[in-house]
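To begin, one chain is listed below as C-alpha cells, in the form predicted alone.
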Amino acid sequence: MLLEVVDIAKSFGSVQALRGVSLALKPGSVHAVLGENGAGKSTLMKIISGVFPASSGTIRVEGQMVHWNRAEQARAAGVSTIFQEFILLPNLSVAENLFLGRELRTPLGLVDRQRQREESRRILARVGLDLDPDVLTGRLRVAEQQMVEIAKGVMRDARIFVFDEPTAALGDREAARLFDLIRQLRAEGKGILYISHRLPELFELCDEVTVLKDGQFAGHFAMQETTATELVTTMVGRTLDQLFPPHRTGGPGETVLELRDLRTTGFAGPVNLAIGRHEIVGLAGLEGQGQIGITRSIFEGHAPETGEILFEGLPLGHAGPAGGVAAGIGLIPEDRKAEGLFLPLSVARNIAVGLLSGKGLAQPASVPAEDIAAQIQRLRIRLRDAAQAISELSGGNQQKALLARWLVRGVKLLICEEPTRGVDIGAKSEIYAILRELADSGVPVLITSRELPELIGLCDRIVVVRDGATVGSFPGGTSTEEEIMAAAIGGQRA
C-alpha cells in the first residue's frame, strides 16, 4: 500500500475535528475523499500533507511509519499538495512563482532566469497551459491561476498527490486537461487523493471513494459499484432529487433588467437579454466567453462599446461598484476571498459592509445587530458567534455570509458568479433554496456557473453566451447538457 492512514484523530482545543478516520491509497489509483464542508476532509489532508500533526493515529508511507510536524517533511517524503486556495504571489511572474524557494542558480550563484523560463514552459505545457512565464500571476484569470497552482504541485517528483477541489475554478477545457494529467500520473504508478464536490467528475476519474461525516468515517465504496444517490445519502442524509427547489410555475413577472445590443470590450457581441422580477436566469457557455464581462458591466457600470443597460426601465448610468450598490444591485463575485470578503474582519462586519455603502468599515454603531443576527439565523450560517473571523468559516458558510450582506441591504437584483464554487452538497441545497426564495419574493437572480447540472436544476431560463453574444435560450429543468453545449460551441445566434 502506498499510503495508509489508520485511526487518525485531531482536536483543536475542545473541538474534535476528526475521530478514528482511516483510509488506504494504492499506487496507480485515484481515491476520492467526499463529505460536506466541516466533515473533516481538509483537516485530514493537512495532516497527510504535514501542515499539522495528528492528535493520535498512524500514517505509513510504503509500509514505513512517518511522523510529520511540517509540510517540508511531507514534501521530502514525496507528498505534493495542491490546495484549493491559491498560494501564489500576484506581484511575481509565473516563473518566479513556480520556482519560489527553490530557484535555479548559475555557477556564480545568481538566479538563472533564462533556465527558469525554459523549465516553466515545459511544466506549463504538461498541464496544457500556454502562458508567457514572465507575465505577472496577478494578471491571470482565476482558471489560469488554478492551473499554475496545479503545475506548481505537479513539478515536484512526488509519489502521492493531494488535489483539493482542483476544478472549482476551471472551465470544461481546463478540467479535461487536468483529468488527462491525473490519468497520466496514475499510469506512472502515483497515488492521488482527490477532493471534489462535483460527483460526475468523481465517477469519471476516481477508482474508489471514502466518505466522511461529522469528522468520522462514514463509508468506503468502489466507484464502479456505487451510485451518486448512495454517496449523497451517505454524506448528507438526503437524495439527489431533493437538491434543487421546485421551479416557479408562474410567469417571469415584469422586466427588471434589460440588456439591448450590448457589446463589451474584447468580444463580438451583442447581448440581448431581459430578466423578469421572479426569474433566476443563468449564463452558460465555455470558459472566457464574456459571461463575467456581462455581469461586471451591470454591477460595476463599465460603459459598453455599444448598446444600453436598463434597470427598472431606466438607463443604468452608474460608474463603479458603489453606484451599483446604490442602485440596488448586489454581486457575489467568482473569487469570494479575493473580491468579496474582508478576511481579517468578523462575520458581522463582513455582513454589515452591505449597509455601509462607502461609509467605511469602522462604523459598527450604524449597523443594526439584530438584522445581522436574523440573517445569520435565516441562512443557518454555522459559526461560533458573529464576532468570529470570517476566514475561519467553511466555504459554504462564507458564501452564505455574502448572501446575508445583500439580504440585509434589501437589493433589487442579485448577481451570483459561481454561486456554489467550493461548496459542499448540503450547503449547495441551502443556497439554492435561498436564491429561489429571493426570486419568488421579487428579487431576480442572474448567475454564472461552470456546472451545467446546476444551471439546469436551478434556473428558470438558461441563456448561452459565445464570444460575448447571446446565442441561445433554454428553459430550466427540461433542457439537456447536450443542447446547451451545442449552442455554446456552434449554435445559432438567438
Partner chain sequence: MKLAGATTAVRLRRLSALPVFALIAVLAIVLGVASPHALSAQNLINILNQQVSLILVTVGQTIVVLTAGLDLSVGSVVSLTTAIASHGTPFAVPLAILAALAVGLVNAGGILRFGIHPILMTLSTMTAVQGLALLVRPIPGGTVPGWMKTYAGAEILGLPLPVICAAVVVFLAAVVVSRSRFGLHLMATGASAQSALLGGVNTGRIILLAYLLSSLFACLGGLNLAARLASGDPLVGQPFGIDSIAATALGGTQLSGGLGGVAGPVVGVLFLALLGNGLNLLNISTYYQMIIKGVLLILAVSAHRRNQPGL
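Numbering follows the first chain given and starts at 1. This is a predicted model, so every value here is computed, not measured.
Omitted here: the form predicted together with the partner chain. The next part is about that form.
Although the partner is absent here, Asp134 lies within 4.5 Å of the partner chain in the model of the complex, judged by heavy atoms. When the partner chain is considered in the model of the complex, Asp207 lies well away from it, no heavy atom lying within 4.5 Å. Though the partner is left out of this view, Gln377 does not reach within 4.5 Å of the partner chain in the model of the complex, counting heavy atoms only. Contact check for Thr227: every heavy atom lies farther than 4.5 Å from the partner chain in the model of the complex. Contact with the partner chain in the model of the complex holds for none of Thr167, Arg186 and His220, as no heavy atom of theirs lies within 4.5 Å.
Residues placing heavy atoms within 4.5 Å of the partner chain in the model of the complex fall in a single listed stretch, namely 95-103, out of 95-103, 193-201, 275-283, 253-261. With the partner removed from view, the residue among Leu314, Ile87, Ala125, Ala369 that has a non-hydrogen atom within 4.5 Å of the partner chain in the model of the complex turns out to be Ile87. Site annotation in the model of the complex: the residue of Ala387, Ala76, Val111, Ala268 reaching within 4.5 Å of the partner chain with a heavy atom is Val111.
Residue Arg156 is the only member of 156-171 with a non-hydrogen atom no more than 4.5 angstroms from the partner chain in the model of the complex. Compared with the form shown here, the C-alpha atoms of Asn69 and Gly422 sit at least 3 Å closer together in the model of the complex. Legend note: Cα of Thr137 to Cα of Gly395 is at least 3 Å farther in the model of the complex than in the depicted form.
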